[in-house]
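The chain below stands alone and is given as structure tokens, in the form predicted alone.
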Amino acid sequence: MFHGSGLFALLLMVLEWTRPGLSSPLRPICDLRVLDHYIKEAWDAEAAVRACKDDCSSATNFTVPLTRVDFDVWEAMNIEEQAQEVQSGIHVLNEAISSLQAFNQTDVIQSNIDATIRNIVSIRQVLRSLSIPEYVPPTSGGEDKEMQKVSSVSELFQIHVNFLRGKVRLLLASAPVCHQGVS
């Protein structure tokens, strides 16, 4: 499996950014094959969690972002609104997956939790390279229409995969910095 490769890619990006003489941030990562790599990592973690059944259960509900996309609504949004929705979803996924660390987990699930958290850090780094600012949603007591509850660890990991395949892919594919100079 590629558990360490996300961390390795992140390390390479940070080393490139901090190299002496570089005055600009990371070069934009516009190649969707990079995202495909992270989707594959997320899918591997989801498959492992799905396979462990009873050992990977949880007695809690998780708040996760909706993964469905209404393309008419999405296309009507400006890039800042799309970025805010994606960053908000990534934040909520990170919170939900990180909350699993509080439970006494098997080695299998713990390694997949760790890999998924590294995956999210790498996705955030890709977004940062595209000049997409990080967004943390305000903590409000009301229900967010872009969120839902799931009750199993397997569903949580499946939502992560679907979110990457859907909204994150759409945002990366339309990032303005990737289309500069293209006529």
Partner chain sequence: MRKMRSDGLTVVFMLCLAFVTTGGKSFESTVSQLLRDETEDLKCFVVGKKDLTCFWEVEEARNDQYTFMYSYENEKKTPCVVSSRFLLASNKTVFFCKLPKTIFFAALDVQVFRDGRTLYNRSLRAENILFVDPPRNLTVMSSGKEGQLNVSWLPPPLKYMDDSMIYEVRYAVDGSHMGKVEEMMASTTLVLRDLQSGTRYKVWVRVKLDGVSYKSYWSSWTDPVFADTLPSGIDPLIVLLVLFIGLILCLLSLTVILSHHKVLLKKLWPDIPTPEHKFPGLFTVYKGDFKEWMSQNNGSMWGRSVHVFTEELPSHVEVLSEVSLTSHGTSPREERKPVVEVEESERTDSGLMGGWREPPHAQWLMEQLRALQENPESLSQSTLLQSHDTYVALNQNSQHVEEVAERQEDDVFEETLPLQTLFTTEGTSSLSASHSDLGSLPQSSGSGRLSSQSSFEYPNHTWPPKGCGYTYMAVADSGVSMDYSPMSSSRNTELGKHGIYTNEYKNEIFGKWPFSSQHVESGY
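As the structure is a computational prediction, the values presented were derived from the model and not from experiment. Positions refer to the first chain, counted from 1.
The protein also exists as the form predicted in complex with its partner chain; that form is not presented, and the subsequent description refers to it.
J.: Within 4.5 Å, heavy atoms only: does E81 come near its partner chain in the model of the complex?
T.: It does not: once its partner chain is placed as it appears in the model of the complex, E81 has no heavy atom within 4.5 Å of it.
J.: Please determine whether W43 contacts its partner chain in the model of the complex, using a 4.5 Å cut-off between heavy atoms.
T.: W43: contacts its partner chain in the model of the complex.
J.: Is there a heavy atom of A51 lying 4.5 Å or less from a heavy atom of its partner chain in the model of the complex?
T.: Although its partner chain is absent here, A51 would stay clear of it in the model of the complex, with no heavy atoms inside 4.5 Å.
J.: Residue-level contact is defined here as any heavy atom of the residue lying within 4.5 Å of its partner chain in the model of the complex; does L130 satisfy this criterion?
T.: No, L130 is distant from the partner.
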